[in-house]
Structures are given as structure tokens and as C-alpha cells.
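To begin, one chain is listed below as C-alpha cells, in the form predicted alone.
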Amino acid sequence: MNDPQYGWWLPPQISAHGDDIDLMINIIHWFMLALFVGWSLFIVFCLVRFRERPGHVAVYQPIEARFNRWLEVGVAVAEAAILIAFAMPVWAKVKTLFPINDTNTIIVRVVAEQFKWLFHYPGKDGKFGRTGPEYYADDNPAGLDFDDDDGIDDITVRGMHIPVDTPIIARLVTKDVIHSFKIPVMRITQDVIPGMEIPIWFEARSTGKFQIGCAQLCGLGHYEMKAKFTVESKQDFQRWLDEEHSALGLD
């Protein structure tokens, strides 16, 4: 596996829909740069052109500036074009391609709490055990109902593992305050709201070891809220699942 390479620009991109999101980010940043330079030059021009000097008096009537009016219309049209032609198609693609009926999809329950992430996988039976907020405890961070047989072989870990080229549905819940599930290399940021289970999906195109963070200021220990994110081959992922299952001592 490769080590993460983070530089001054965008982090590595390994997501199936990351190219579209990167295109959006680049377009918006270059557009904002053009606006910043243009407005900065205009401000400098005004400071010089209308500075106080002998024989120069202020004009108190509104100025008819036709060029500025058309310029503002042009900026609004450009912003609308970016929204309609780029942002909305990317959003629609991610939403409509949700792999709920794909038999290869792997579902992971993600539990957020101050200041840790927990990842909950079904066991060999492929079923999640029953969970509920009334079951949360220090020795039961996933909130599993220990009387439910489906949850006996469930796997709970502090680092997320997924196989490459496989759709992943992450069901996000939080035990306390608002958090934000962020995987920079997957171009994913999703708020996690108390009392709600929010599903998202993604698919990795290459293997590696990366990092998960929290993008919402969630308390004094917010900076500590991170977890390892491992994308591996399907064979390595199955080997990892088998090792975690063996560690439960159920065989």
C-alpha cells in the first residue's frame, strides 16, 4: 500500500466520483480568483482616480455606470451557469446512483462520539445486530442489544477498512453532538446529526492508508477526532474480516 501524500493543493483523489468534484472545486476557485483580482484592481483605480486633490470636488448625484451594471449581470450569469451546468449534475449523479440494490455493496455503520469514530460491520451472517441509544455504555460503544443473536458476531473497530472497487454505504449516527464525517481522499464531507441516521455512499478506485477526520467543531478535543482509513484489495479485506471474526472467539 502507498503512504498518503498530502501537499499544498488538493489531497490525493481515489474516489469514483472525485474527478467531478475536483473539477467543481477548481472552477469555483479560479472564478473566485478572477473576481478577487478584478475587484481589487477596481478598488485601486477608484482610490487613485477619485483621490482628494486641488480643484476636484465630489459629485453627489447617482452615477450612471452602464458597464458596471452589465458586469454584475455577467457575474450572476456565470454563477448560475456553474450551479446549473456543473454542481447540480454532480449532485444528481451521486444521489441517483445510490447502490442500494447492488449485491456487492458493503454496508458499514459509523458511530460518532466526542472524540472518536467507531465502525460497525455485520458478522458472518451478514446481519447487523439490533442497536439503540438505550444500549450505549462504556463497554458497548456501538449500542448493541446483547440479547439479539444477530449481533453476537458483529465487528466493531476504531479504524475503517473497505475493499477497493466496491460500493460502500456508510450509515452515520452520533451519540452526542453534531459531528461531520470527512474523508478528504474520497471527497466526502457529511454532517452527522443527533437523532438521525444519515446514509452516504462512496467507492474507492485505488488502495492505500489514509485518514478520516471530523469537519465540525465538536468540542475541546475536536482535533483528536480522527481514524485510520484503509483501502485494500478484496482478498486483503476478506482476510482482515476473518481475523476480526476470529478475535471474537466464536469459532
Partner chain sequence: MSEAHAEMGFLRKYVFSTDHKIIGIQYGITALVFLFFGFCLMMMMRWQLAYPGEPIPLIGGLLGETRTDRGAMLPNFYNQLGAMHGTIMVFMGIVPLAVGAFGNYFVPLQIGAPDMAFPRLNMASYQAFVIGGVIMLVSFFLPGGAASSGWTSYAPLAVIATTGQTFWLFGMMFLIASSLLGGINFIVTIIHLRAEGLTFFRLPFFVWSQLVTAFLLVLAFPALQAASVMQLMDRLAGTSFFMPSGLVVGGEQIAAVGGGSPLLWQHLFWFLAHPEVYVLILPGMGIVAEVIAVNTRKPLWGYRPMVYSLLFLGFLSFGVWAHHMYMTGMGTTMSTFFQITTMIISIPSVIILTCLVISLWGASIRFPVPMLFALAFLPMFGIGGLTGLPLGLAAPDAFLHDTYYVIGHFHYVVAPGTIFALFAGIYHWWPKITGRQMNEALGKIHFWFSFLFMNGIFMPMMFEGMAGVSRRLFDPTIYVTGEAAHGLTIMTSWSAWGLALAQVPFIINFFWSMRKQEMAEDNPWQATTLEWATPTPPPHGNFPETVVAYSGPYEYSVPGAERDFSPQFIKQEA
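Residue numbers count along the first chain shown, from 1. Remember, it's a predicted structure, so these values are computed and weren't measured experimentally. Between two forms, the rigid core is the largest collection of C-alphas that superpose within 1.5 Å.
Just so it is clear, the following notes concern the form predicted together with the partner chain, a form of the same protein that is not shown.
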query: Stretch in contact in the predicted complex with the partner chain, which is absent here, among 120-128, 102-110, 75-83, 142-150 (heavy atoms within 4.5 Å); finding: 75-83
query: Contact of residue 21 with the partner chain in the predicted complex (heavy atom, 4.5 Å); finding: yes
query: Any non-hydrogen atom of residue 249 within 4.5 angstroms of the partner chain in the predicted complex; finding: no
query: Any non-hydrogen atom of residue 16 within 4.5 angstroms of the partner chain in the predicted complex; finding: no
query: In the predicted complex, residue 222 touching the partner chain (heavy atom, 4.5 Å); finding: yes
query: The partner chain in the predicted complex - contacting residues of 179-216, heavy atom within 4.5 Å; finding: 182, 184, 187, 188, 189, 190, 191, 193, 194, 195, 196, 198, 211, 212, 213, 214, 215, 216
query: Post core alignment: residue 97 C-alpha displaced by 2 Å or more between the shown form and the other one; finding: yes
query: Core superposition between the shown form and the other one, C-alpha change of residue 149 at least 2 Å; finding: no
query: Residue shift check between the shown form and the other one, rigid core fit, residue 74 Cα at least 2 Å; finding: yes
query: Residue 112 and residue 96, C-alpha gap in the predicted complex relative to this structure (3 Å or more); finding: closer
query: Shift in CA distance, residue 96 and residue 193, in the predicted complex relative to the form shown here, given it is 3 Å or more; finding: closer
